[in-house]
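Only one chain is given next, in structure tokens, and it is the form predicted on its own.
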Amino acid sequence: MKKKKLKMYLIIFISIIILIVELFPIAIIIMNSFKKDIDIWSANPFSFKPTLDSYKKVFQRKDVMLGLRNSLIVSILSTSFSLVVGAMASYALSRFKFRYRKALSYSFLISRMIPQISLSIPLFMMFRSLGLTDTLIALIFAHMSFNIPYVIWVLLPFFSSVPIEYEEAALVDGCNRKKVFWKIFIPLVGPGLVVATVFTFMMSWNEFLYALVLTSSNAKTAPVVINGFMGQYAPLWGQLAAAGTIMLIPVFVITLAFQRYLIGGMGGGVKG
């Protein structure tokens, strides 16, 4: 009994330490967003008069507004397309038996492991030949290249765990494959879809490298624009912190909104 309690206290203690380490940078960025540049590097980090000057300057910049708009469009569209394509591919891989099915499944996993830097130049050359550089379409397709394999592998255990009897009963009742997929499987794998939606959106929202290589002015996303605050001679620390805090808001909102489904979905599979 004593051992169990000791183990529980140890787990709680380690969890608190991990939580503090994870939250510390977030607390710093939020606190600095309410400081003047001169106060950010002062000896006492808590001695400052809160101000919204950095936020006002950020919201007055057209490039930041454009970057946030581009980030939102690219994240929403690439997530939506990736979910549809990834869910259909995952369904096919889990339900249909054909040659090289396993090899095909692992090829998606391997493609997800390729470093982005290795693909950024080939993608740039491909989109350049198509006349799509510095466009949102190019970014959406680039993001789909890493989002679709992720969606497939997240949803595979969910589709595989749906009992075959559900599918057979629906087919006997007159449903075709299309109806089985949309009306039977999609509601059953809902928790997995929520997990895939949240993480693919966050991956697109935070993506930096493809946006840096594939855009120059019109299609710049927020991370690239904010990186410009580092400046040639002196970083704009206050504006950097304010813009970083603004970038956190959609992530917090989505995570909190879907918290219940995320916890259930990350358990994996459908409870039959």
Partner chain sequence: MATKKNKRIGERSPVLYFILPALILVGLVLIYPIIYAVGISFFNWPLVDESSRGFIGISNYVRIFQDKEFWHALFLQLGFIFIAIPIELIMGFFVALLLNREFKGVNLIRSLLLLPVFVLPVLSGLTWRLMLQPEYGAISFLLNTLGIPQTAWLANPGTAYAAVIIQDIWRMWPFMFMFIYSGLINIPSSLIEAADLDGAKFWDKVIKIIIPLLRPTITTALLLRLIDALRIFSEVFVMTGGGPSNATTLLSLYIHKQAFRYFNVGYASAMGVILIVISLIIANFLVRRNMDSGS
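In this text the structure is predicted, and so the values were computed from the model without any measurement. Numbering follows the first chain given and starts at 1.
We do not show the form predicted in complex with the partner chain, though everything after this point is about it.
The candidate spot formed by 60, 75 and 219 is out of contact with the partner chain in the predicted complex: none of the three has a heavy atom within 4.5 Å. Although the partner is absent from this view, residue 50 stays clear of the partner chain in the predicted complex, with no non-hydrogen atom inside 4.5 angstroms. Taking the partner from the other structure, the partner chain in the predicted complex has no heavy atom within 4.5 Å of any heavy atom of residue 166. Although the partner is absent here, residue 148 sits close enough that one of its heavy atoms falls within 4.5 Å of the partner chain in the predicted complex. The closest non-hydrogen atom of residue 158 lies beyond 4.5 Å of the partner chain in the predicted complex. Put simply, of 193, 184, 132, 92 only one has a heavy atom within 4.5 Å of the partner chain in the predicted complex, and it is 92.
Of the residues in 198-233, those that come within 4.5 Å of the partner chain in the predicted complex through at least one heavy atom are, in sequence order, 199, 202, 205, 206, 208, 209, 212, 213, 223, 226, 227, 230.
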